[in-house]
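Here's a solo chain for you in structure tokens, the form predicted alone.
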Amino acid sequence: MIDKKTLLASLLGASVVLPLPALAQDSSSDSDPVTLRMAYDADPVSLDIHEQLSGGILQLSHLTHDPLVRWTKDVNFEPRLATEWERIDDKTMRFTLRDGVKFHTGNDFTAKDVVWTINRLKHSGDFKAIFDPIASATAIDEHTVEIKTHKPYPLVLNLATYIFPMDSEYYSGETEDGDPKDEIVKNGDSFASRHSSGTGPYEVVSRQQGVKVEFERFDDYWDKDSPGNVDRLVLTPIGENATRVSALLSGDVDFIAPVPPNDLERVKADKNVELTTMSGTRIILMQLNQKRVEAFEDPRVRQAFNYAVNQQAIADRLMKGFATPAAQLSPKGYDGYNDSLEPRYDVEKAKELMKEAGYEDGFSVTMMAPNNRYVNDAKISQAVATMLSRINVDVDLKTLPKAQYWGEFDDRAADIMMIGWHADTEDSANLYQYLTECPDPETGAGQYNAANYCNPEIDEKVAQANVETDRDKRAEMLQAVEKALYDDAAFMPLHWQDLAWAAKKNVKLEPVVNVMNFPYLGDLVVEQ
């Protein structure tokens, strides 16, 4: 048994460690409050759910807010703050909103909050590209909203999964310092980054960035049919994989994510713990910055880098088979998935291309990657650096904790940068909009395109697909986009990362986890 105080002190890096409460099944009464102690690899970078488009922020959104609609486990739509929806014409969708919903402040939820939230999303650097098709949002009455698009658009319901209405009254006006309360400050300090008022199942009651976030069940939460019985959540970020697993197996926490591939068997063997796994759709890739390295402007060099990397070896050895080697962005099941594309590992071919491009002797590059965001991210980046040395590319690699990495990523601070992406609209076009479209700060296109890759012809194909309402035709168009990106070697795809969570046996995780990796913890049941 690991000494709990010693373990937690090392995890939190704090001089004072507060004791974590025991699970309620240790108490004498079934009516005692239920606490879930959870450990993720990192905590949310902000409380502002529009500051960053990331898995961590969307996980937070499902705790503190509710979307208009949300994905089910079988990737269909279910009502949340919108109870009904109907298409009025080819550019207009009408949503009927749930009555009697309260924000954490006690303010009533109405249509004006939805309109206010959509307008804010359209001004968010990270979200504006997704919401660019939206022309307007109008409150018809207190519980009816109409969303109009510029052109016929087949993915309005997909977009609605991103609309987590914020408390417009709470975020209106100015702070004592004269700053707008609705201001979005990327990687900075703002009212919204430190304060939260949503309609979700949990309120944030305490937060120490990088140390601990505490949530309590919202007494006036609207969903009285939810089976969830957890009264308090304590989220402790534990970046080191082995330490996170040890915290679960020793009983210091009740639920962890992710479970690293190296520890899957160890967790599975523990009779007190339940392991839940799922095939994933998050693509892990490297981006080659063409503005920083002239050689990356040559598609032959980009192709050579792709031929130099052995995705299968990374999936087998580092991920222990808990990943699927990738040759494209779209995973199987997405309309854009092109089954003709295969990973292209061939070192000799890579050397030929480098010679043909005039770089037989190679060159030096810098590389950055996170070390606590994706499964085995630091080890994967080291493996890629080693593989590139075989074609005489000298890589200066730097890995950083997630909280520091994203600022460097936004600054495009290295020649090669790692990114992982899950299309939260569950649609291929989302991948292209953020990762490969020509960067445009005005529209938000290419917001996470650290390669500064730009191919207007491919972007036009994506734009045409986005207004095609015939699904079969649209799928053909998206698959053509994947083939064009593959031929142009727009990026270095590595693999699609599988998902794994683990919890004590009385924590019933399976019903609330999903391929989006947004556990619906408001519905979580802990047996007592």
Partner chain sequence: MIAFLIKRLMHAFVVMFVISVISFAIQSNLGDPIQQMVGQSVPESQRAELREELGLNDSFLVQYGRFAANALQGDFGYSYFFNEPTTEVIQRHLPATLELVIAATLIIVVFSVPIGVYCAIRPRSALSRFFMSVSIIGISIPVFLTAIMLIQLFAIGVDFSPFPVETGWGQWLNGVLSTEGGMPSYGRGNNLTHLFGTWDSNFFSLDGLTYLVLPAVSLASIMLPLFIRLIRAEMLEVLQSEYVKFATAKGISLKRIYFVHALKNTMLPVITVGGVQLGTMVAYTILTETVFQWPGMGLMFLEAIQRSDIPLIVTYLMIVGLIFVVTNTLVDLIYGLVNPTVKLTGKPA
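Source: prediction; values computed, not measured. Residue numbers count along the first chain shown, from 1. Here the rigid core means the biggest group of C-alpha atoms that line up within 1.5 Å when the two forms are laid on top of each other.
Beyond the structure shown, there is the form predicted together with the partner chain, which is absent from this document and is the topic of what follows.
- Mapping the unseen interface onto this chain, Thr72 falls outside it, with no heavy atom inside 4.5 Å of the partner chain in the predicted complex.
- Using a 4.5 Å cutoff between non-hydrogen atoms, Pro133 does not count as a contact of the partner chain in the predicted complex.
- When contacts are judged by a 4.5 Å heavy atom cut-off, Asp335 does not count as touching the partner chain in the predicted complex.
- In the predicted complex, the partner chain stays beyond 4.5 Å of every heavy atom belonging to Ile458.
- If you check the partner chain in the predicted complex, you find no heavy atom from any of Gly321, Glu348 and His495 within 4.5 Å.
- In short, of 400 to 408, 273 to 281, 174 to 182, 302 to 310 it is 400 to 408 that has heavy atoms within 4.5 Å of the partner chain in the predicted complex.
- Among Ala500, Leu53, Val34, Leu478, the residue placing a heavy atom within 4.5 Å of the partner chain in the predicted complex is Leu53.
- The partner is absent here; in the predicted complex, the one residue of Leu155, Leu341, Ala129, Ala137 having a heavy atom within 4.5 Å of the partner chain is Ala129.
- Residues Gln447, Tyr448 of 446 to 460 are found to place at least one heavy atom within 4.5 Å of the partner chain in the predicted complex.
- Put the two forms on the same core and the Cα of Leu435 is off by 2 Å or more between this form and the one not shown.
- Comparing the forms between this form and the one not shown, the C-alpha position of Pro370 differs by 2 angstroms or more, with the core used for superposition.
- Inter-residue distance, Ala445 to Thr161 (Cα): increased by at least 3 Å in the predicted complex versus the depicted form.
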